[in-house]
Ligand SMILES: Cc1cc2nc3c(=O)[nH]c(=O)nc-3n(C[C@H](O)[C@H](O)[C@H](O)COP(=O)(O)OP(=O)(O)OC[C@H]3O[C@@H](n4cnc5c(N)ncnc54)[C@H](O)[C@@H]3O)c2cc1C
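In structure tokens, one chain follows: the form predicted alone.
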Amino acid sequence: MTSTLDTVVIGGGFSGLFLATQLARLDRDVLLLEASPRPGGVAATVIEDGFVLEPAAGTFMLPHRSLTPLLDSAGVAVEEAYPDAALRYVWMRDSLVAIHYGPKALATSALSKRGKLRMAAEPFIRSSPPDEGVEESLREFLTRRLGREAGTLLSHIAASGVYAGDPNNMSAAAAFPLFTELEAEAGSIVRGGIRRVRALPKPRPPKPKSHIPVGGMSEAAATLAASLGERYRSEHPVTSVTKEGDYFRIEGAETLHARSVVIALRPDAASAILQDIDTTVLHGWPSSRVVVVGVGGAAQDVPLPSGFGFLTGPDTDAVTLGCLFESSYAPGRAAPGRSLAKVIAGGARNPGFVDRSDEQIVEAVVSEMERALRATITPSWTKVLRDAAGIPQYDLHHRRRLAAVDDLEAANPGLIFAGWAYRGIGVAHLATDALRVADRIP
């Protein structure tokens, strides 16, 4: 047998990069294999004509107990977003309504007085979750806790803004576990949050703020990969992973052997390379397809408000899920005197929209920007980006699928699955999961 590695990580998206970085920090024997010439997966920054467009996540909330050490150890440069990044809007009744976090949320005009009073009463509401084994949707959970009006609005923008999904089909416990954990701990989301804040060590850590990776997410991924040195190999596709006694045989550009293999790929891609293992549980995981549109031009031709952007409310007839005011909150996303917006459209509400022509897509999203912003938009630059695989959906069957994956791992010691399809799709979730997985590897 050739020399045996402790761990091989397959997939150089942020999940695989974070895990390999953590194992390297622990001075573990690890090799990360990426099939394409560049790391980062879906985070493929587009830099064109003075605009910097991120097709996927484009910010980090820092400091973060898992993410910050990984970025710092690799030397990823970040800069703080403009202060107005904390200002968010929801598009309702053909106008933008500000949405604030914390107690200020009660001042929003997005809810009626009655809706606000019911939401404010959440700490005093005694409401039991469904019986064990019954999966509660995000909309059911938030409506039960916050009332019909606030629950409908917040479940919609949460599901749409994070997953491009349908709150009626999203599992509250899988998609937003913090909410259900707080209720389980204290009988209330608010009371649970207060209890956790009081439990923080003193002095309390600084409040997380939006930060931008200098050079874009692609540069952040490249920095993480470079920090791994010889532990990272690009253009190294894996064709099969098979079990040989206590080891795994990894076939690709060369044959490798490892005690542990972490497959940081989508479930269907993971299944394709596991040739001697029953991977039925990895088949048919749902996703939601979106299209990302960059809309840029001179500042007077693409006038954007201050703030982070808006999400589309449940009663607004639109294909747009949300619009981020990139140049309003992110340094370097547009040249001086120019503006850039990022529009996300399609998703569970309008899945067929992604299949329209580029021209039809641009025309539709620009028209909806004009409705929402109540301004004329005349872009000089547009970019249409599609991800054929879509955004993973943590639906009402997600926790059942995760349990089946746990059983698959238990039946094949040393085989681990990671990535945004499983336990959180945000960048911080991937960092947290990387630390969890690293602790599992003997």
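Bear in mind the structure is a predicted one, so any value in this text is a computation, not a measurement. Residue numbers here begin at 1 and follow the sequence given.
Just so you know, the form predicted together with the ligand exists too; it's not on screen, but the next bit is about it.
The listed set A56, V405, L31, L373 contains one residue whose heavy atoms approach the ligand in the predicted bound form to within 4.5 Å, identified as A56. None of I377, L396, A35, I416 but one reaches within 4.5 angstroms of the ligand in the predicted bound form through a heavy atom, and that residue is A35. Although the ligand is omitted here, in the predicted bound form all of G12, V238 and L265 have a heavy atom within 4.5 Å of it. Judged by heavy atoms within 4.5 Å of the ligand in the predicted bound form, the contact stretch among the candidates 180-188, 115-123, 287-295, 202-210 is 287-295. Although the partner is absent from this view, L62 stays clear of the ligand in the predicted bound form, with no non-hydrogen atom inside 4.5 angstroms.
Taking the partner from the other structure, the ligand in the predicted bound form has no heavy atom within 4.5 Å of any heavy atom of A24.
Contact annotation: A43 falls within 4.5 Å of the ligand in the predicted bound form, judged by heavy atom distances. Heavy atoms of I391 reach within 4.5 Å of the ligand in the predicted bound form, making it an interface residue.
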